[in-house]
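Below, in structure tokens: the form predicted on its own, a single chain.
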């Protein structure tokens, strides 16, 4: 058979086996694998064992490996031909609270109608059990239709993504040689819209710092000490105000030194996505973009670094009024970084900026809250090109390259620990209500997600 005929036979297997695929998804969704609550530790173990058993039945060398927390499922296919991919997803889920807002039992999956579409409603349906099963079921279809997988496939499936994932990086370091591959694949993201598949190739990094300004040794009466005593609230406000220029840019010295412009080709593609800036901001009752002037909102979100004030406190903030000059004032400040920026360099620049503005009798305390670099996959990479081709073939619409304003720590770990680039390919939608009551996953997302992975794996084998 030709490669096209082989793909068609595997897709036929997906379609004819969809009911059984749904039964397996529902069985996994019924397992209450809430990782953050110790009461559900056995359920997390049960989910890991369930996945390992399914993978073993497909011919994988699979096991639920112990960690100080919940198990990591590692599996390796027997095939030794073609490129080697490492697929990542997570089997743990968020708590279901508030339970009274669910329309159905969160761990008894249902297929219901919504806006003319069939949707799967359950905790974990979208994040991330449904997404994970699209890949596993695609492997199942390849095995059933052809007797083998088209390329070398390994899987690493985590049980603590929703509770910080602190045990995964050391697990990866301890097993780095075993986990080597040519490219990592992650299924935990959205499509661009309901009919346009996408691959996320840009994730912003993050630097988070808490700053505390300390002046007098106690809170002071503003009538007795006003003017004479330094007010930390005012000083902190001045420092915060100085972080941004009137044009929306960040003022830290050297902040943009390592920031590259996106290519004209990528800028043109983003311009053609039909993104409506007014609708995007209007949905949260805003209307004027606040980032760097002269940049589109998508550029601001995906390709430009930012500085945000996430929280401020100081003095009396209770009901009524208290005329006090506080002894201390603090703020939580984060920087979203883009490719090329060094988190430690940005943290040092921020702290130096603060210290430069302090009067002689005022001190400062900094508390770090994490830092990670941005990730960018080369836009001309061969694996990216093939994956885009497979997605386009399935959806009949050109797959697009997108960025993300957020950060996914495991992608940074793939790069720093294993040296792997990552393709983020997902079939979720922005209205899936992940982490919220009535989480859902479109039936089409599940079905065509399986078909998409069949085509992507076939494209990677070409």
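Nothing here was measured: the structure is a model prediction, and the numbers come from that model. Positions refer to the first chain, counted from 1.
In what follows, reference is made to the form predicted together with a further copy of the same chain, a form of this protein that is not presented.
Taken together, the three residues 210, 221 and 322 all come within 4.5 Å of a further copy of the same chain in the model of the complex, as judged by their closest heavy atom.
Taking the partner from elsewhere, residue 294 is found to have every heavy atom lying beyond 4.5 Å of a further copy of the same chain in the model of the complex. Proximity of residue 286 to a further copy of the same chain in the model of the complex falls within the 4.5 Å heavy atom cutoff. A residue is said to contact a partner when one of its heavy atoms sits within 4.5 Å of a partner heavy atom; residue 340 fails this definition for a further copy of the same chain in the model of the complex, lying far away. The closest heavy atom approach of residue 112 to a further copy of the same chain in the model of the complex falls outside 4.5 Å. Figure note: of the listed segments 77-85, 152-160, 354-362, 375-383, the one touching a further copy of the same chain in the model of the complex, with heavy atoms no more than 4.5 Å away, is 354-362.
This chain lacks the partner; the member of 233, 269, 104, 180 within 4.5 angstroms of a further copy of the same chain in the model of the complex by a non-hydrogen atom is 233.
Residue-level contacts in the model of the complex: of 348, 259, 237, 273, one residue has a heavy atom within 4.5 Å of a further copy of the same chain, and it is 237. In the model of the complex, 287, 288, 289, 290, 291, 292, 297, 300, 301, 304, 305, 306, 308, 309, 310, 311 are the residues of 287-311 with at least one heavy atom within 4.5 Å of a further copy of the same chain, listed from first to last.
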